[in-house]
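Single chain ahead, by itself, as structure tokens, in the form predicted on its own.
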Amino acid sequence: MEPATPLALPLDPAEVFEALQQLHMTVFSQSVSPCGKFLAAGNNYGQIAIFSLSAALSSEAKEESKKPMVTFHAHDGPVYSMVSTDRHLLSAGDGEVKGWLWAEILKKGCKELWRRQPPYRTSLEVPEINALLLIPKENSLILAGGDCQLHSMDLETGTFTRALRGHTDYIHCLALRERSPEVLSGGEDGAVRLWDLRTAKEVQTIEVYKHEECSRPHNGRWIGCLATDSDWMVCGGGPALTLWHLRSSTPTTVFPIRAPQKHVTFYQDLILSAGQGCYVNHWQLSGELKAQVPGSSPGLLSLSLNQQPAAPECKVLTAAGNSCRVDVFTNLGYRAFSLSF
């Protein structure tokens, strides 16, 4: 007698859909709350999830503590970029930026406070906004992306005050050089451009791919990440990850990593970078690889350092990218656990 074949239970379509969403999820952006105890993460489905870092880091944390305390639909397309002010969470998607009150989000009242659309050339144009940058001294926001321009928005009035033109292709990343004050932008055209905020003029251009030591033609010329520290800049993408002296426009260190990098930041006497591959790379300024710490995603797009003085117990590095997980590093040397949508 043949053994009975077990009956297959009918699959719940909602569960199947949710499982497929999780499988194909990309987390593009992160932002820490002003109090330092919460983390917002934005994905390719237009959702923003709010995680309690303090609950997840508690000695009494359970698996449920690593799930979102609230998830809400913020944009019709991906949430490409987010930043936080002392009261607001700002998120960017396709052609729009929205403001949300952190106090209301934490009460699970996720209603948009305002939305703004930059003055694009035509009403049919809906370019993605890849990068947001706060200018605290001006109480303004710089946003940039698919229309090849940097738009400056007054956060008090919500009006767009100027547009900085010079890039000839998509802009991927922005960084602030506070002392100057200057904004740096990098994109598909392979140039890092420096803009003087006082005159709204481009004051310096570094075409990274034209420098032989940085050029990697097989990867393209695009600049996917950049960061500044006084007279120094680090940038990467198609060209090699490279440390530059800005005053002399000179590359001083080319970091020996083949994979294109998508995020980079200065941290104390180190440079942290991530991109293709699961690793967070720790570099000495001299170019020596100090550590390569594995995460749980096959590729990383975003790093966030929580250094809010109000919550020293939540001082962590978080990394996210091509999965539904956000890795948490309590010590830069290892991944402690992962938060998950």
Partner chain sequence: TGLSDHEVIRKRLLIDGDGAGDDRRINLLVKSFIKWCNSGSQEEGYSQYQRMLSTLSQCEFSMGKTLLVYDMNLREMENYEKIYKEIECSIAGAHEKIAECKKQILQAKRIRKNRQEYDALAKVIQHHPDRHETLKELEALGKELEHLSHIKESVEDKLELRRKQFHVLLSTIHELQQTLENDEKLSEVEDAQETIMEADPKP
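Just so you know, these numbers come straight off a predicted model, no measurement behind them. Positions refer to the first chain, counted from 1.
Unshown form predicted in complex with the partner chain; subsequent notes refer to it.
Although the partner is absent here, T199 sits far enough away that none of its heavy atoms falls within 4.5 Å of the partner chain in the predicted bound form. Remark: P251 counts among the residues lining the partner chain in the predicted bound form, judged by a heavy atom distance of 4.5 Å or less.
Although the partner is absent from this view, H245 contacts the partner chain in the predicted bound form, with a non-hydrogen atom inside 4.5 angstroms.
Interface membership of D269, defined by any non-hydrogen atom within 4.5 Å of the partner chain in the predicted bound form, is confirmed. Across the proposed site, C35, W102 and E104 without exception lack any heavy atom within 4.5 Å of the partner chain in the predicted bound form.
For the candidate set E138, E188, D94, D229, a heavy atom within 4.5 Å of the partner chain in the predicted bound form is found for exactly one residue, namely D229.
Site annotation in the predicted bound form: the residue of V293, L285, L57, A311 reaching within 4.5 Å of the partner chain with a heavy atom is L285.
You can rule out all but one of 229-237, 84-92, 164-172, 127-135: in the predicted bound form, only 229-237 has residues with a heavy atom within 4.5 Å of the partner chain.
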